[in-house]
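Presented as structure tokens, the chain that follows is alone, the form predicted on its own.
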């Protein structure tokens, strides 16, 4: 490879991938394209440039932002990632960015004959199907009931065969539509496409908010001494999480295995071994940061909330001989250290 383009390249996922790929292939030009819409993304510019990544201001909604010089690989990490996006009625940004931007990038990649890595989301799975998972309530979390009897569901979590019919939030719908279009480009024009359906990705340099980036939000609240609340489900809702460095390890393995780029989809996450409920996350963060904070409870279940998601990661682990190497405590420790080391810089982002 001579040139790599990463859209959303100043965001959490994009910036970390850009730096890792530049370090892995130092002779390759890596360009991080971003419109700096997300608060805090501008803080990544210095570290990107220091790491030899070219930062370019542009917007995936505008096809001309990509320039004319071809790329060998494009990574689509540009998105409005909030599950609440469009809930207020203003839908154009999430639609035009998440779907329109991907279409613009696919068309550009077709002209360049470039490979496309699409960063998708577990949120493509429908709300009703996720809420229908039979669960057992324990002291600190929900667990899948024995013999759940649903396709694509086992004690390992949710596999790629889990049902996809039904409503899933505008964010999930735009990402699912983009998956379909990426596969169409692979089928009709032979574009080399690979799709990673990611669960929760986390680690240093994630500018967490209440609607996206839960682990960074939890660490920030404890670090700066701000109150938090469990919203719905009593704090027993469960997610698995993957350290961003483990995700970058996977992407490097995927890039090196060209034969798998035929439009196939992988569920990617930490799996049961690296999962938490909000109550368990609170205990872990409190122990590592060394501070307890007030925690309220809001019984309201928002329209986009689900009580449980675990990634069945067995397919991606088998195909790429990969497994995560960092547990929840390491992830929280890395995030807490980053926040301590950059406390003044990050205070305006997290409102500390």
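Positions refer to the first chain, counted from 1. Since we're looking at a predicted model, the values are computed, not measured.
Heads up, the form predicted together with a small molecule isn't pictured, but that's what we're talking about next.
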Let me know the one among 250, 105, 130, 77 whose heavy atoms come within 4.5 Å of the small molecule in the predicted bound form, would you?
77
The one residue among 47, 326, 38, 314 placing a heavy atom within 4.5 Å of the small molecule in the predicted bound form is 38
With the partner left out of view, is residue 120 within 4.5 angstroms of the small molecule in the predicted bound form by any non-hydrogen atom?
yes
Quick one: does residue 189 come within 4.5 Å of the small molecule in the predicted bound form, counting heavy atoms only?
no
Does at least one non-hydrogen atom of residue 307 fall within 4.5 angstroms of the small molecule in the predicted bound form?
no
Residue 81, heavy atom within 4.5 angstroms of the small molecule in the predicted bound form:
yes
Pick from 195 to 203, 257 to 265, 273 to 281, 139 to 147: which stretch has a heavy atom within 4.5 Å of the small molecule in the predicted bound form?
195 to 203
